[in-house]
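Below you'll find only one chain, the form predicted on its own, shown as structure tokens.
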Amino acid sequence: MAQGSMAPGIQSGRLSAEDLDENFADLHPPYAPHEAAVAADRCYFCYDAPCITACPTAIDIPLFIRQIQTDQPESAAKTIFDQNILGGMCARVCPTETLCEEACVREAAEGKPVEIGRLQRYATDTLMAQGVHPYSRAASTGKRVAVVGAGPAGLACAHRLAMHGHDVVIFEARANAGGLNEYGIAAYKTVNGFAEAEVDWLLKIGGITIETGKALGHDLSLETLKSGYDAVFLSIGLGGVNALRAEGEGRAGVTDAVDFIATLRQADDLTTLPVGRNVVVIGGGMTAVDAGVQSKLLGAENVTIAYRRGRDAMSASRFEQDLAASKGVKLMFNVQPVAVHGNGAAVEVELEYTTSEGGALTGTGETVRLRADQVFKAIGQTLQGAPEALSLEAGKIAVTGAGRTNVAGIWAGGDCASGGDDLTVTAVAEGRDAAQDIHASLMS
């Protein structure tokens, strides 16, 4: 039986449509205007605001909160979009609890920061609901730029280039634009098709064309792009998934967490989406949490996230860890998979306890078995399809400055490029900054 094939314990329709609607409702309901005013009034409007420094896109947070306080949410949205054109999505998925809100003076003084993320969503949603795009294009430069990948970095790059008057063609391998915003984020964080709506809104700047079903290496070559365009920006993401390197990994029921999340995000009817009775997720990042929580919300009885190191080393934030626990997901630390047992299909996962000394992880030899008819791999992704002409660093495309690769005329950003931290907000910053560098290069 092929890897990831349906196992007997994996079934659809474990919960009713009504229960699923409730389970997958908006994680953080939007502010009403009076709630936003009260939340904004908590800001100290610091002169040397640490929240700005903590924001990868350097949004002037005190300014946009002041604008909300004075009942100017549209102006607040413009302040946000000037730095982060995907500010609406970032307000929903950015780990504000470890970035701007952790740096908030209120957090240090009271343990309760200003809710910057929800205020950002209030502002951006207000402006976007009006259907008006706040930017217009400069006069045409006659320059054409190819962007490969319609994820956060690619979209941010394309928008900034279009503002400067360049014509942009985005090539996207999948059927829909949006990248991880569309395919890789928990459904309860981006309800009501927001990712698609945000792309449509962004394209109102004009000058951007998206061609889907076009993948680098299959349908496009770097040489063709270089010869046909004045500059190229690569934001191809990370398409591969690391192997468990555990015996029985190929059994039915063992699959990639990113595929599970993508399938769920594209499903029209969640009652048709199968999930196991006993689910084990291997990993410790946001993907692991999203897969684990959504398995529970779909009706899995027992869900465990198994991570090979201690809690403090887990890349998912403490907020996300607590969210998983609040939904009934069990977190296990210092365990690593050694085998998936079963007769054709997964039945149990065998985990070995680990210890870490001097940063080196070693197995103790002691093992434990968990019942598991569905096992998700969420242990990191790898770069696929990078052209041989490009230099790599730590398994990603090596870049210097604002995303310049070793090949003249080629820039890269987002998860596929070296130096980032695999966050949506960081990808936006890298795409924006690369666009500025591309523009300067083309116009010089």
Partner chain sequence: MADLTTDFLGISSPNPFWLASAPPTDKEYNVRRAFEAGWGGVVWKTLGAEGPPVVNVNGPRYGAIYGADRRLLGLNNIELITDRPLETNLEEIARVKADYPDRAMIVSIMVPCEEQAWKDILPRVEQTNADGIELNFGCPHGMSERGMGAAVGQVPEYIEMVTRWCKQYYARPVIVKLTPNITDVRYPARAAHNGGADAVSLINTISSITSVNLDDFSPEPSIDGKGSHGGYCGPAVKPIAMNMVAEIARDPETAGLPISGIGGVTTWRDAAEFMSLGCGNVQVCTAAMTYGFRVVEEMSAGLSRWMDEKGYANVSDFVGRAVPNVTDWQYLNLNYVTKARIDQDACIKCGRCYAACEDTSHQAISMSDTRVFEVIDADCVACNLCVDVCPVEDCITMERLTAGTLDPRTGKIVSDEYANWTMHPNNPMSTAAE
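Residue numbers count along the first chain shown, from 1. Computed from a prediction, not measured in an experiment: that's the story for all the values here.
What follows is about the form predicted in complex with the partner chain, which we do not show.
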Only hit among 105, 138, 267, 197 for heavy atom within 4.5 Å of the partner chain in the predicted complex is 105
Residue within 4.5 Å of the partner chain in the predicted complex by heavy atom, from 33, 387, 50, 380, is 50
4.5 Å heavy atom contact, residue 175 to the partner chain in the predicted complex
no
- Message: residue 109 versus the partner chain, in the predicted complex: is there a non-hydrogen atom within 4.5 Å?
- Response: yes
Check residue 58 for me: does it contact the partner chain in the predicted complex (non-hydrogen atoms, 4.5 angstroms)? no
Can you check whether residue 38 is within 4.5 Å of the partner chain in the predicted complex, heavy atom basis? yes
Only one of 392-400, 408-416, 371-379, 42-50 sits within 4.5 Å of the partner chain in the predicted complex by heavy atom distance, namely 42-50
